[in-house]
Ligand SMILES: NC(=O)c1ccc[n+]([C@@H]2O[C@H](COP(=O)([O-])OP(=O)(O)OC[C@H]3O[C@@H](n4cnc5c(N)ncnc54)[C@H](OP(=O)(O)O)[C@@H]3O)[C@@H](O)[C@H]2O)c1
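Only one chain is given next, in structure tokens, and it is the form predicted on its own.
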Amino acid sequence: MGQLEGRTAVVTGGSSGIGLATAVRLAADGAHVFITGRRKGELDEAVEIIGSATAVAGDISNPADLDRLYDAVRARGKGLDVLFANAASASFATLEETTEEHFDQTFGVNVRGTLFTVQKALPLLNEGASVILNSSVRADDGVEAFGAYSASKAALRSYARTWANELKGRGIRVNVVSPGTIDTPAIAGVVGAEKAEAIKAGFAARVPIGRMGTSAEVAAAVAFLASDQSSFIVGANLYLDGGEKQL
């Protein structure tokens, strides 16, 4: 039996990258995983890969889509044991270039969307459930033109501390993972396919162990925080960065 046998999980942004790898890992550990994302075709393909999964298409910045997701979880009748709030939006804009649209898109998904992803899950969360937020090492530095994204991820770290306090009475643990330079399709999505390899080489050169991380390595950490093995870890921020912000 896996360490999550019989449990129910939700992974937002679960059709690719870190979200898909985590959904695969949670299912392998015994959970039934609900995944959500904006592109139904990719979600359906992800379900085939994951196995024990249900896809609900939607955008976390749309409260009605979140309601549909949790209606599907509720209909299963087993509550919710693991929530990995992973979905995010990223794009570059310097202070001078930042528009209202850029700010609203970034914070609308990364902060507002994550807040209501967790809030709307509250009635379903079982005693002893685990909530994991996906932040980033970018919350700790000042990469040029990434200000809104970095600030949005710092907001999640702050929220996690508050929510951990607010939910501890129900035995619900809230923790954060902060990935560093992870090799995912999102890199090409942000910088363009023609620049992706050069950008990734530059990223890897800044990591003390000399390489980028993998989505599977992040998934392993999320699975640990989702399981009873992390029962004494509350309000923590687990860096998954190859030492980038530690050494």
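For clarity, every value in this text was computed on a predicted model and none was experimentally measured. Numbers follow the displayed sequence, beginning with 1.
Just so it is clear, the following notes concern the form predicted in complex with this ligand, a form of the same protein that is not shown.
Remark: I18 counts among the residues lining this ligand in the predicted bound form, judged by a heavy atom distance of 4.5 Å or less. Proximity of K200 to this ligand in the predicted bound form: non-hydrogen atoms within 4.5 Å are absent; the residue sits far from the partner. Interface residue remark: P185 is counted as part of the site for this ligand in the predicted bound form, having a heavy atom within 4.5 Å.
Residue contact check for A87: one or more of its heavy atoms lie within 4.5 Å of this ligand in the predicted bound form.
Screening V109, V118, L125, L167 for any heavy atom within 4.5 Å of this ligand in the predicted bound form leaves a single hit, V109. The contact with this ligand in the predicted bound form, taken as any heavy atom within 4.5 Å, belongs to R39 out of R206, R39, R68, K195. Heavy atoms within 4.5 Å of this ligand in the predicted bound form belong, among the stretches 132-140, 72-80, 157-165, 91-99, to residues of 132-140. Annotated contacts: S150, A223 and Y239 are all free of this ligand in the predicted bound form [non-hydrogen atom within 4.5 angstroms].
Residues of 159-179 placing a heavy atom within 4.5 Å of this ligand in the predicted bound form: P179 alone.
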